[in-house]
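Let's start with one chain on its own, the form predicted alone, as structure tokens.
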Amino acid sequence: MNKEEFIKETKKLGINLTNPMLEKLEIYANFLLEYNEHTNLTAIKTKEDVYLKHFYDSLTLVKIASLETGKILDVGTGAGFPGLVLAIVFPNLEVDLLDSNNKKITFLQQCIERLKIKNVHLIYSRAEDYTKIHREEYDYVTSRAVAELRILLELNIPCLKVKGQFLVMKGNIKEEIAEAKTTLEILSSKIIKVEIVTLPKENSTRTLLNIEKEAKTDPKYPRTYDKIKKRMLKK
């Protein structure tokens, strides 16, 4: 996907990109590819794929949520997807990027300095440690293909405000949704929207979930990551 195709497809999402936004995305793409030559951040090696599989893919979240304003946490952000893209395109969002990989946080720090954007904060932490402290704080939490759904729910739901939304980006997750039913109930959350997205050009599919938190989370959650991974929540 070249830049012109990217602009055309994002318009179909209802997003009109300004020249300053496009300039920042170009800086981001160039720096990502340059940095990736000596530090492995992404398997994607071409600018066309960055625009399609990182930038456009990140922006498909507008299909399931209104992201004009609010405070959002991107858990396991990696090289900044989707969080940093959202920060560029929606400057009224307050975006926290969380990752436990120091080399990725180092890249993001340098990238943010180049982009000269002020609505982004970096957090170097494990999700379960951060969530225990920052409870009921965010309007949105998002995570892109980081772990299976039931694990993501327990790690991320606690830091959402009541009526906040957890925006999940994954592949085909029918089985994961079924397995997460009890976890959703225990964490007082429900799936309010499911959207299947087909990426232009390559026609691969993504599943987007919007999960709303209906009540405060019991302080005993999240458990430690080892316990979350080994034992599903049961009533």
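What you see is a predicted model, and the numbers here were worked out from it, not measured in a lab. Residue numbers run from 1 along the displayed sequence.
Here the subject shifts to the form predicted together with a small molecule, a form of this protein not shown in this document.
Though the small molecule is absent from this view, in the predicted bound form it lies within 4.5 Å of a heavy atom of just one residue from H134, R126, K71, K161, which is R126.
Only one of the listed residues (L122, I112, L93, V146) places a non-hydrogen atom within 4.5 angstroms of the small molecule in the predicted bound form, and that residue is V146.
Of the heavy atoms in Y138, none are within 4.5 Å of the small molecule in the predicted bound form. The closest heavy atom approach of L86 to the small molecule in the predicted bound form falls outside 4.5 Å. In the predicted bound form, I157 stays away from the small molecule, with no heavy atom inside 4.5 Å. Put simply, Y225 is close to the small molecule in the predicted bound form: some heavy atom of it is within 4.5 Å.
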